[in-house]
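This document contains two forms of one protein chain, each encoded as structure tokens and listed individually as structure 1 and structure 2.
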Structure 1
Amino acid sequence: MISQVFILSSKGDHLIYKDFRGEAGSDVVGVFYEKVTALTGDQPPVVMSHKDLHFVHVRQGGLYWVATTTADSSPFTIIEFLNRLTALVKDYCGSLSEKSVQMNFALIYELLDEIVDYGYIQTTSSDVLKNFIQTEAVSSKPFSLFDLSNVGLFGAETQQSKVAPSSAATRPIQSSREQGGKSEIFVDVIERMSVVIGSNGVLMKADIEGEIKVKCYMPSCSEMRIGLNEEFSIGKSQLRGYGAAVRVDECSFHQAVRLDEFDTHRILRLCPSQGEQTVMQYQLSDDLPSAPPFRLFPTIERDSGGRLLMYLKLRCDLPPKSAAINVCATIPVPKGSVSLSQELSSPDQSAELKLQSRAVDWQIPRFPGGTQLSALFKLEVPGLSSASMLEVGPVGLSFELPKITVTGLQIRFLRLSPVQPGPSQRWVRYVTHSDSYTIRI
């Protein structure tokens, strides 16, 4: 049973406040923010108490989503409720941010009125709520010259417009009901890598967590069929098909997915609801089907002037037609480092010494596959010794690999039935993120 629900910005600004039972005053908002900011560490406890009141919160989109209760309610139930609430707000408002919440406060209050009645959760299903929610979402799209890159002579679309931008699925689900709204469905295959590479270049640990997400903007769709690789196998079972093997250790599915064709034809069947849902999750450990995407060749020494020299060569082992974007190498440096000079192999790179985190950040906006970049960093470290040189490393990499899945999982086809009467578009997108990519030096 829930007493209150409120949403706060990262600075403690009051965005949404809904009291369902009148058991506590509005001053609990300030009490919660004082408690959460007084704690040390980046991740405060999810459940906190103040007198007879219990606070349960999640942090998403840079906001605090908080529910209070005075009863002995299950915290896991309230956490699940808050996660579903954030998913609903994202579906209905298009994104999770302070600005979107401020612009759509009336819509969020209407959602809360339908979801919770006198503290009791009624439903969090977008299929049920779409019959009751009348408020339209307010979304603002800033003007960008990049939006004109797909327009040819006299406004004709170019071939580049056949590629959906990453922000295409970030819009309210009500937009599909508006007149002239696009009837689209997005299937995203997202993988996250956790890798540890030893100082000798040997792969020590590798974990991949992946998921298939569906975001539906179809006004009506009775069934969707998603075909995966025919040679897709789970666990150590016998490999299937004649193509390249695609194997995962574990796999789980959404409760709405029907698996009667999965064992024989590797087809997932489901009736998608409007909004976003994760239809499949999978995991692979300690067995990468290909080489890690990046290798580092470091040289660490001290020059005659007492400066610390770090010469780094970073190689991208992706296929030549692929590229990594938003690459950032974070190199921990000795305590007392005061200044940095640098020599980078290309002008689009940048580097900065972060004194607070005691690290050098090497930024690479785009890194084509099959290429190598280098950087020479010269650090002024008063009192540099052999012991302080051991403080260098390990190097952490963050990056994004568009159009690539490390496991090789692919969508063979995406079919809808019945066939949609109007024009509809289906988008399949692949992306791999670095969850934790560590290279010891």
Structure 2
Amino acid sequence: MISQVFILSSKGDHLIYKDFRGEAGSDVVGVFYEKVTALTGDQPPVVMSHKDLHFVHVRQGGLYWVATTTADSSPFTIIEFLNRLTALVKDYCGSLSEKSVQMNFALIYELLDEIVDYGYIQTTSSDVLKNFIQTEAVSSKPFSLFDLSNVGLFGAETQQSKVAPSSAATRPIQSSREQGGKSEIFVDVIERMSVVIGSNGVLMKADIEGEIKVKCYMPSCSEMRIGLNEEFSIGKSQLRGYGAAVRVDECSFHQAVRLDEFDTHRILRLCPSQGEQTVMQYQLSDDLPSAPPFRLFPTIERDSGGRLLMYLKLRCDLPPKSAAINVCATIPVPKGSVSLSQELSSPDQSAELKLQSRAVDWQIPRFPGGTQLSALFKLEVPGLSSASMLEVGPVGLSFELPKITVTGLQIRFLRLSPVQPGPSQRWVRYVTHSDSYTIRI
């Protein structure tokens, strides 16, 4: 049971406040903000209490999404609800930010009114909600040259338009209805890696959490069939065929997915509702089908002048045609490091000593597969002792691998039935993110 829902900006501005049960005053918003800003680092902020009122909040899009509730309510339910609320707001407003929430507050009030009645969650399905929501979303589109580049001479479509622009999926679901906009469907395969590589280069831990998300902007779509790799298998024992099997440990599906063709042909059937939904989630532990994408060869020593020398070679083991983007290596350095001098192997890279987080951030905007980059960092650390070397590492890598899934999961085909009248576009996108990629030194 939810007593109130409110949305605060990170600076504490009231964006949305809705009281469902009238049991507590609106001054709790201020109480919440005081509490959340007074937290010290080690306190878990998810649940806080004030008298017999409990605040549960999630942080998304730089905003606090808060529900007040009673002690015996389920944290799983409340947190899932808040997450679902953020997803709905994102679906309806296009993106999740202080600005979009501010501009669309009437829409969000309307949503909240339909989602929750008297503190009880009624429905969060965008299929049901679309019948009730009347307000149009106001979307703020920043002017961008990128949009112009899609339009060729005399309005002819250029080659580039074959690639879905990254902004394509951040638009409100409803605008398609009236504007007769493009009917599009996006199927995203998103994987998150968390990897630990030991100091000897041995893979200590590898976890992959993957999901298939469907974003549907089709006004009418009765059924959709998604074909996965034929050799896809679940669990340790099950192996299909002789080829390189695509294997996951555990797999779960959205309840709307019908699996009657899954066992034989690995086909998922579903009727997508408007907006975004997670169709399938899967996990794979420890047993990667290919080598981990990055290896690090560090040499760390003290030079005669009491400086710390770090010579790092980073190798990207992806197939040569693909590349990793937005790679950032974070190398913790000893306390008291003063300054950094660097030699990087190419000009587009950059490195910076962050005193706040006591680390060197090495940025690589694009890192093609099969290549190797090196960097030499010289750190001025007054009073460097041999024990300080303990403080160097482990290195954390964050990156994005577009067009790659580490498990090898692929979408064979995507069929819509009945065949859509008019132009419709289907996009399949793959991406792997680093959840936590740690290399020990």
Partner chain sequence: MPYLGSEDTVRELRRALSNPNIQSDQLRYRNTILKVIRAMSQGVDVSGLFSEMVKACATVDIVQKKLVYVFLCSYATLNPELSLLVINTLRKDCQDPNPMVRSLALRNMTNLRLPSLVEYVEQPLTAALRDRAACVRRVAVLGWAKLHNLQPNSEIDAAVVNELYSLLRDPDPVVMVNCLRALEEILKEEGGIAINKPITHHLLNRLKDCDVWGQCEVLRILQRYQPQSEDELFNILSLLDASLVSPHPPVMAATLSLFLSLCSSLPAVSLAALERVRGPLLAACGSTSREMRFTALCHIQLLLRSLPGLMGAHYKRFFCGYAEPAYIKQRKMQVLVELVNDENVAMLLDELKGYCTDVNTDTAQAAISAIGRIGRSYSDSCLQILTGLLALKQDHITSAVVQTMRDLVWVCPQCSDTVCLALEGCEETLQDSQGRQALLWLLGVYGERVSSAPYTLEVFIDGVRCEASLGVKMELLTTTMRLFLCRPAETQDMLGRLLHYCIEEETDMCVRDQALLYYRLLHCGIGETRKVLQGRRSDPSLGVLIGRPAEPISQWARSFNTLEPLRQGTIEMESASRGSPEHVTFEPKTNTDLSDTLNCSQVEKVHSDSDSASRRTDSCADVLASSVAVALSLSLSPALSPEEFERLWLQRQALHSEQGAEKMVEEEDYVCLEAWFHSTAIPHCSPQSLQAGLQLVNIQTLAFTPPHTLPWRVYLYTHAQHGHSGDAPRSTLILGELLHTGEANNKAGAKKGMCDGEVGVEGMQAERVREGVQTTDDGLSGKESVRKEEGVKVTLKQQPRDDQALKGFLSILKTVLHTLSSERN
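Here the structure is a predicted model, which means the values were calculated and not measured. Structure 1 provides the reference sequence; residues are numbered from 1 along it. Rigid core (definition): largest C-alpha set, two forms, superposition within 1.5 Å.
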Have a look at both and say which one is the form predicted together with the partner chain.
2
For Y430, decide whether the Cα shift between structures 1 and 2 is 2 Å or greater, given a superposition on the rigid core.
no
Is I121 one of the residues whose Cα moves 2 Å or more between structures 1 and 2, with the core superposed?
yes
